[in-house]
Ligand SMILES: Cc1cc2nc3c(=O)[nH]c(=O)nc-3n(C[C@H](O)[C@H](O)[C@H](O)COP(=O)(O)OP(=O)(O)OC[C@H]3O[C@@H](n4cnc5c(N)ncnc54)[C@H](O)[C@@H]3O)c2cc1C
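Presented below, as structure tokens, is a lone chain in the form predicted alone.
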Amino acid sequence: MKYQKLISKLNPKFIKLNEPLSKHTTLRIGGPADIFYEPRTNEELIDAIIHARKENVPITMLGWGSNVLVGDLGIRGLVIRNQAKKITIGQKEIVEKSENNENLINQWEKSYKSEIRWNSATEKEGARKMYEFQDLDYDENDRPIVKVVMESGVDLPFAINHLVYQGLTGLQWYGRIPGTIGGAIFNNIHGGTHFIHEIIDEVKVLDSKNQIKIYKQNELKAKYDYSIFHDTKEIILDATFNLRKGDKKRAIYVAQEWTKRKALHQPSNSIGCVFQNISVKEKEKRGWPTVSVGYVVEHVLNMKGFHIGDAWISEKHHNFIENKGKATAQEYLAVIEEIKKRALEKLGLNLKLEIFLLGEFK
């Protein structure tokens, strides 16, 4: 049997063969993984990577399956959904319990309501209200730093919930972003004006020679939707964060408000914003009120309601494409290509993808 040597080296409790990846992506699209593996510790993760490399088996790290479009023909080789979920605050360690991702992503909508007393600033009108959240921004760089180590499989919504509740702030800007700590670092996620690399002290990885390596913050080459790991393909194991002993109530409010606004304007049956935002320079040159591609698709390209099969441009936020039933990766990709084509032909805009394409397409 193909891959038998590798399979014999993995923990059999956490292996699934020919597993449909539509079950493991937020878009509910994707063909089968040859081997789907969910290691529970960093030791199991490292062991799987080393054995796969030894057998020349391709490796794909999946995380939550957000921000990715998986091809209809699936992914060859080993697909890893990392379940190493330890968080260390000083000498105190906790391990995140497994929960349904949907419950995690909606947790802020149910938590801390009795604690929220901050005045909400949600009255901005028009496109800025829908596409930007600048009114929530504030600075806590004068607050004391607390170092927190998180393994790469920790779910971001859990980390926000658990740490902000303890008054450890810095993650509140990323409310309702589905994904893991590893995925957040890999793609340097952003919330408003904040990027996650700003609060990273160091990142521990398994390099291409199967050695442990440490990157300091200034070595990450972080920029919009990019980190050095896009090029090195090293496996992120854990990261040390410089969080702040900040204003707990205000951080809770911000995280909850981000979640509430995103729930109103961003569909859950999607994979996040499809395209990177335009530059501020481009926005000002054209006189548009926002840098959001969603505004361009809705108000300039007038593509509201456009769809191919069950892949629809979302009416909640026009930089999202929803799966409204049984959309295929091919249909989803066709909608992307049509948006790109119209933006280039009508506006001279060359839109760049914010999502990743994984696996084999028809």
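The structure presented is a predicted model; accordingly, all values stated were derived computationally and were not measured. Residue numbers run from 1 along the displayed sequence.
Not pictured, yet referred to below: the form predicted together with the ligand.
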Item to check | Which of 249 to 257, 173 to 181, 212 to 220, 137 to 145 sits within 4.5 Å of the ligand in the model of the complex, heavy atom basis | outcome: 173 to 181
Checklist outcome for this item: Contact with the ligand in the model of the complex, heavy atom within 4.5 Å, among Gly31, Pro39, Gly294, Gly65 goes to Gly65
Checklist outcome for this item: With the partner omitted here, the residue among Ser270, Thr169, Asn161, Asn277 that in the model of the complex has a heavy atom within 4.5 Å of the ligand is Ser270
Next on the checklist: Test of understanding: in the model of the complex, would Phe186 fall inside 4.5 Å of the ligand by heavy atoms?
Outcome noted: yes
Checklist entry - Do Phe320 and the ligand come within 4.5 Å of each other in the model of the complex, heavy atoms counted? => result yes
Checklist entry - Counting only non-hydrogen atoms and a 4.5 angstroms cut-off, does Ile236 reach the ligand in the model of the complex? => result yes
Checklist entry - Would Met61 count as a contact of the ligand in the model of the complex, using a 4.5 angstroms cut-off between non-hydrogen atoms? => result yes
